[in-house]
Ligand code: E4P
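Just the one chain here, laid out as structure tokens, in the form predicted alone.
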Amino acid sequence: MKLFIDSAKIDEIKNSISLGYVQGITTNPTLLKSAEVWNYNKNLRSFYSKLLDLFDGEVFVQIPLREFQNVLDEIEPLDRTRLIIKIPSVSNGVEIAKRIMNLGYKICATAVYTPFQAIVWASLNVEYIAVYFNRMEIAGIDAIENVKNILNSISSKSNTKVIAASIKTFEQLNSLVQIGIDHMTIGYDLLEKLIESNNSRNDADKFDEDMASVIEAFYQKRKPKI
């Protein structure tokens, strides 16, 4: 299982990484716009360089289909072993992906909605396929059944991994775990709550209280009698 933080806000990303169970950072132009990254960074290169410096996991960069070379030129000096280039699943995206793969980049096909799209990208042996689970639900698509079909469309011999993108609720998370999804992108608000449970917190507090009693008992036993 791999969990990725879906954000371009540095504070959220830093806090998520500090949780210890986040393996990567996924961004897209909408997240960059929401975070107003131009206010805090000289350019895209400095922004993604900052993310790469935060930890040793993967960082997903979505390039535009129009004038994609401008963004590629800007991030060209960065570590290609950890940069994953996201490309929307459209016809001209395939041509661009093949060109970028020849430059040594790994690819994540994003905005994937159908098993047929998944088949195409898996045939190209891309690293990841990102299915828009939350947007499927918003569009009235049976998202779980659709993702099942996408998983079934990819050969067990394929190296391509399926990511369920933009998970917003525990219900979505649970349903995806049930069908065997191993990779998910999750928003910060949900991500930080994954490890917590009121019952777990109550148990932890009780253990602390009992351990304090144990330590006190040892102390009393060692305390010299006057």
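Heads up: residue numbers just count along the shown sequence, starting at 1. All values derive from a computational prediction rather than experimental measurement.
Beyond the structure shown, there is the form predicted together with this ligand, which is absent from this document and is the topic of what follows.
Although the partner is absent here, residue 158 sits far enough away that none of its heavy atoms falls within 4.5 Å of this ligand in the predicted bound form.
Looking at residue 165, you'd find a heavy atom of it within 4.5 angstroms of this ligand in the predicted bound form. Not displayed here, this ligand is approached by residue 135 to within 4.5 Å at the level of heavy atoms in the predicted bound form. When contacts are judged by a 4.5 Å heavy atom cut-off, residue 28 counts as touching this ligand in the predicted bound form. With this ligand left out of view, the stretch that reaches within 4.5 Å of it through heavy atoms in the predicted bound form is, among 193 to 201, 166 to 174, 64 to 72, 43 to 51, 166 to 174.
In the predicted bound form, this ligand lies within 4.5 angstroms of a heavy atom of only one residue of 73 to 102, namely 86.
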